[in-house]
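The chain below stands alone, shown as structure tokens; this is the form predicted on its own.
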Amino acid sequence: MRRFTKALTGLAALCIVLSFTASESAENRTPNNSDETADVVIVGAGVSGEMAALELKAQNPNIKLVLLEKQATTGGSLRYSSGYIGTSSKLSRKSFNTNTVDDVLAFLDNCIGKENVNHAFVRRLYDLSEYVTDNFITWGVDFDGANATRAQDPHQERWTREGRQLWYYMPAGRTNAIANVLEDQLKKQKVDLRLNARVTDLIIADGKVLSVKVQTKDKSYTINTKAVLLATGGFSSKGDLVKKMTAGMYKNVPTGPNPYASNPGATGDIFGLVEKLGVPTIGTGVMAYAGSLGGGSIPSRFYVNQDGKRYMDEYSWGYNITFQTQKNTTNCYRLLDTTVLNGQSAGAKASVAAKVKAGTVTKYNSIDELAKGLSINAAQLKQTIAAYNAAVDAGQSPEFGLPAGKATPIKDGPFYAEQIAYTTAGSLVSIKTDDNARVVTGNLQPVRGLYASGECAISNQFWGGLYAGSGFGVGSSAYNGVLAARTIVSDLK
């Protein structure tokens, strides 16, 4: 298999040969003339945009390429992620941990529904996984270090009870390590990266992209180009957009700047750039975690809704907890009793105490007081608690498959309650592309010269407001970048 490192043997004289650092400003690297020309412009230097840039250089070392990033560093949401879902590679072949593309598809079908998965597109992406993963390893991503995880997802009960297994890779340093090696490769391959450079508009005539407008701190300029790849990421840090795009399906999502999101640059730039083109959106929802307004959560496996009823297996895997909680039209809460709390570590007890002091966890002397304070149906709550405790005392599951040994009975006061809120780690509404990463209009005709990859195109893989789990965004975005680059090379011939 050809490697990026073998393909990148030189650059033509017209390529910009300037080194950069993560904090170098775009305005210091922009030529004096107001207009430029490039073969390809990539908007966004997250994992998808970076992989696309490197693949374009691998396919054609002489290509004139500009990679624009509005933030002061590369990586985007990659620097806030943890795991990576890949298939057969150097990594998996040296151990017993191997995913196939069929494993990935079966997992997606099982978790978010076969009817919500674009099987052809997902297969096309994950067919590139071995190529991408082997290059990560060649470039220096350490999947074998002391701090790396190469095993089942941490929620191991998930696979046993659902009869599905998928291996989850976490490199030493988490995915920030991938971000660092990609930045290093951009520098080594002399990719013309411009930081602090925001694309404000696409210039299009007769259904074809002609140029992009770029704004830096103190100047604006235009780049005329044959192709534009939009890899702008999602909108998880823009609370009002989260609320709009999720159509009320989430509760307790802040509006305005979202303090519970990860990447501050995830502000939904994609929608403004394509709005005038009639490009349809696809999907709904965000990559959400059922956390709390205070961050983290209290050590409870007893969740109830406003009706006083349990609604799920609280020991289930994290995304299932999110899915099941989202289905409720009322607020949902975690409840904890004093005996269970006293059995926790000193750190866990200190955390609960801090949450009580901060007001994100409320302490009540009795169940009646708790029910009144939270407007929960008191009679139903007492019935739910009694059934739960009785099952645990009998060594049985208290419904929904929660193992009796993992339950946290509600018996002894004072009692603690924490309302469930959502941390938005990514977004699941994107623009429509074909299965080769070409942006399409409402009649599904490609916009000539316009492409999209990564999170801003993620719902072309799966939709329905559900996210399969950590690692799917990182892996598929990397593969999507390579696919888009290869499509661009083919279209430019």
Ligand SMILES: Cc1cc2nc3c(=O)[nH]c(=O)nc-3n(C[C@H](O)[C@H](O)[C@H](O)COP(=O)(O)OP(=O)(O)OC[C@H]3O[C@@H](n4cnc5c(N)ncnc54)[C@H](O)[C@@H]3O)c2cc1C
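Quick caveat: nothing in here was measured; it's all calculated off a predicted structure. We number the residues from 1 along the sequence you see.
Below: the form predicted in complex with this ligand, not depicted.
The candidate spot formed by L68, L78 and G265 is fully in contact with this ligand in the predicted bound form: every one of the three has a heavy atom within 4.5 Å. In plain terms, the part of the chain that comes close to this ligand in the predicted bound form, with a heavy atom within 4.5 Å, is 193 to 201 out of 323 to 331, 359 to 367, 193 to 201, 386 to 394. This ligand is not shown here, but in the predicted bound form it comes within 4.5 Å of a heavy atom of Y168.
The shortest heavy atom separation between A425 and this ligand in the predicted bound form is within 4.5 Å. Using a 4.5 angstroms threshold between heavy atoms, Y479 stays clear of this ligand in the predicted bound form. Under a 4.5 angstroms non-hydrogen atom cutoff, this ligand in the predicted bound form lacks G413 among its neighbouring residues. The partner is absent here, but in the predicted bound form a heavy atom of S82, alone among Q306, T216, S211, S82, sits within 4.5 Å of this ligand. None of L229, A179, V242, M287 but one reaches within 4.5 angstroms of this ligand in the predicted bound form through a heavy atom, and that residue is M287.
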